[in-house]
Ligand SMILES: Nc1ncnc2c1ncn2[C@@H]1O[C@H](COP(=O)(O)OP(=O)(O)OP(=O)(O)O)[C@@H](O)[C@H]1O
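The data below hold one chain only, encoded as structure tokens and taken in the form predicted alone.
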Amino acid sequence: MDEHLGILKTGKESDVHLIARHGASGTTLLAEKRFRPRDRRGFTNDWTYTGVWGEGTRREFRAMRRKTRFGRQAIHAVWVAHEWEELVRLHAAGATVPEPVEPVDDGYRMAFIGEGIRAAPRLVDVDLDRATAERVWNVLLGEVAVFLAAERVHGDLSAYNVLWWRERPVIIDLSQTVDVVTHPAALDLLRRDVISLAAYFRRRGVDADVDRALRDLGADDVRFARQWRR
């Protein structure tokens, strides 16, 4: 039996609810992410991300591009499915993301990250000392490398989309994740991700060199040279 315990977080595109799953072996806490209808989301500039997914029929894709009523419904369905699929993919690839549990209507369930019923704080709300910040900067660059090895760029990575749990970062919010090879903005999104992370760590005394980080990540790799150009 599942019991709804309340809302953990509200965001620009979704709300995250806390669910207690009661069973014979005990109770497990889950986080359920529920996406709002597109016309009720604060984030609506999603063609940058969905424009090359190519999901569904030709009619659906054409409607999505034109943003008709049917197209907006199709975008919403693809957006929800996309994040679930990316969570499954990246968890299997070894990225430090919440463990996927199951899809649900307008969202999905994943492992709850926190202690007791208190959710882990976002990294932006944690003031790391310099030594810890140096370590976590390198850990997160390693996570970005895991994403790239799975041919993915997070697309909206910052201290707002990282949880701080048991002295380690956990990456969340994968709805804007894009394919490294086929997405025309993948390199730009990767650079933006690294710049956003670097801003947080520089404020904590870390020499977070964006250009060096991008070189180490292989941003000049042939995969990016093969991206579509408009």
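So that there is no doubt, residue numbering starts at 1 and follows the sequence shown. What you see is a predicted model; the values in this text were computed from it and never measured.
As for the form predicted in complex with the ligand, it is not shown, yet the points below apply to it.
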Task: Answer option from Val126, Ala93, Ala119, Val101, heavy atom within 4.5 Å of the ligand in the predicted complex - done: Ala119
Open item on the list: For the ligand, considered in the predicted complex: do all three of Lys33, Phe112 and Leu163 come within 4.5 Å of it, counting heavy atoms only?
Closed with: yes
TODO: Could you confirm whether Ile172 comes within 4.5 Å of the ligand in the predicted complex, counting heavy atoms only?
DONE: yes
Open item on the list: Is Gly11 part of the interface with the ligand in the predicted complex - any heavy atom within 4.5 Å?
Closed with: yes
Open item on the list: Although the partner isn't part of this model, could you tell me whether Val16 comes within 4.5 Å of the ligand in the predicted complex, counting any heavy atom of the residue?
Closed with: yes
Task: Within 192-213, the residues that have a heavy atom no more than 4.5 Å from the ligand in the predicted complex - done: none
